[in-house]
Each structure stands twice: as structure tokens, then as C-alpha cells.
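Just the one chain here, laid out as C-alpha cells, in the form predicted on its own.
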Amino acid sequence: MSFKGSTRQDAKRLTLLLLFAPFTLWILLLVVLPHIGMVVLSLREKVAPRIYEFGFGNYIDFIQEPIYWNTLLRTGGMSLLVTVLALLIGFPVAYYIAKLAGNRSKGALFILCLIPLWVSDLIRAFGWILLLRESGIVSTTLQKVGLADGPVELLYNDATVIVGLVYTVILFMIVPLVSTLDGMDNEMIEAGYNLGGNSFTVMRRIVIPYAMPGIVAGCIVVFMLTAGSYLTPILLGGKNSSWFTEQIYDQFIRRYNWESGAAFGFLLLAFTSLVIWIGLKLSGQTLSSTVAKS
């Protein structure tokens, strides 16, 4: 019996290792090693042609140039705004799908939410350009109904960038919220009303606290995707765009300064991680519990 028991345990361990091996390799080869390489590259300081020394010169250059850290702070602020707007828009949608919609309607509504992901970021951005440019549908319609005397340019400003980003990331807010709210017993809501609570009180005291893991998970994903976005801010913001990913692109591609580009990339990762850590502390959530419950 002991031999059979040990054989079964070995088989379970082997099965577990085989199941997690692809995921482990994926994390190691595509996440861990590239980030280690990026950190090492960022610490290479060019002292002469093809001569490098290890140092913090690339980070010192970032601190000494206001346009760099101003752009990083601006990107963080805009990303937080997009996250808040995505939460305000996505929460009612997620609540309706999870608690009010019928079984058939849920599938249809999920498909509608998935439609933006059926095309690439580039196509979505050009779709907004076709709508909002001077000769686009919105401008033409405003002129035809008499609300505008001439062509209206709605592109190349912060508002357009925010709208485009919210449209791009809204699904990543809705999905964890639906997943969390779907596990909520409807009797909890009914009990809140039976105890004399109104809709606002029930939402504030019961629904939102229960959905907090989904809210935090959605905010983390949306914030990270927004801060790391490149195509949407560049295409919709144009020359007026001031997004930190453009600074990273400039260092790598235009200036061929891979060391500074790696430093900027690591700083973006560190900055967004710090914001998420602060958000977790303020919300009283932990990353492990948030992932497990959402």
C-alpha cells in the first residue's frame, strides 16, 4: 500500500510540474529575464564610444531633466483619470450584467463588450480619427445640423486621448467586476432593503464593499494598461501628446540610446508599481486576496 501511495504522489507531482512548466517558462523567459536585462542595461553608463561603466548616470539624467519626470507624472495623472472614468462607467454595466440581466442577455452583453477587442489598437485609434477629424463624421454632422459654421477639429487634445483610452480599457474593468458581483448572493441585497436601506445605502454599505476586490483588480489592470499605452496617445494626441511611453520610444528608436531607454522603462514600471502599492494600502486590500476573489 505504501508503494502504491508513493507512486500516486509522484504521479501527482509530475502532473503538477508538467501543468505549470509552460507557465513557469513563459514567466521566466518573457517577464523575469527581460526585466533583469533591462535593469542591467539601464546601469550601463557611456563614458566613451563603445566604452561603458556601471553607474546611475541614466537615472541622474532623468532627474535633472524636468521634461522627463514631468511627463512621467502627467502620464500617471492621466492614467488615474482614465481608471476612475472606466470604473464609473464600467461599474453600472457590470452590475447590470451580473445582477439584473437574464441568462441569455448576459452572453449578448459580454459579446458587445468584447467587440472592441476584435480589432487591434491601431484600427481602433484610426476609427476614432475617422470620426473626429475635421472631415470626419462628427464634424460633418455638426455642420449639417447647423451647430457649426465650419470644420470642427476634435482630435489632438487630452480629452480625445482620454476618451480613446477609456474605450480601449473599459472591458478590463468590467470583467473582474462581473466576476466578483456574480458571486454575490442576491439575498444580501434584499436583506439591506428589508432593514430599511435605500438604493444608495445598499450600494454603499453592501454592494461596493463586497465588490472591492473586483474594483481593485480592475483598477490595477486598467491603470497599468493605460500608463503603458503608446499608439492611442500618439495617434489621438498628435504632436500635443505628452506620454511617457513616447519618451521611451524616442530613447530606443530615434536616439539609439538603449541605456536611457531601459532606465526610463524601469522607472515607468517602478512608478506604476508604487501607485498600485499606495492604492492597495488606501483600499485596505492585498494583491493576493484581490486576485483570488476576482
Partner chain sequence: MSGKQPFDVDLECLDLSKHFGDVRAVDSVSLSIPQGSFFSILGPSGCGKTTLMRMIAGFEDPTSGDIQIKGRSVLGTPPNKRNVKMVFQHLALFPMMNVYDNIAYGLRCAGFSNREIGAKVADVLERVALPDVAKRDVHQLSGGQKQRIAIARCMVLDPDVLLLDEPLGALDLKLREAMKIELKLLQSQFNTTFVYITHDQSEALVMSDQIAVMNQGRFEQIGSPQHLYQQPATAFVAGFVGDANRWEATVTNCEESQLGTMTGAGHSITGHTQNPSVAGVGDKVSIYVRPEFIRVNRSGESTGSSTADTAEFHNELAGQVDSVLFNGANSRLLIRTDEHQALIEADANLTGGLDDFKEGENVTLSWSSLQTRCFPVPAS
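As the structure is a computational prediction, the values presented were derived from the model and not from experiment. Numbering follows the first chain given and starts at 1.
Absent from the display: the form predicted in complex with its partner chain. The rest refers to it.
Looking at 149 to 157, 67 to 75, 174 to 182, 197 to 205, the stretch with residues near its partner chain in the predicted bound form, meaning non-hydrogen atoms within 4.5 angstroms, turns out to be 197 to 205.
Contact check for Glu134: every heavy atom lies farther than 4.5 Å from its partner chain in the predicted bound form. When its partner chain is considered in the predicted bound form, Pro209 lines it closely, a heavy atom lying within 4.5 Å. In the predicted bound form, its partner chain sits within 4.5 Å of a heavy atom of Ala191.
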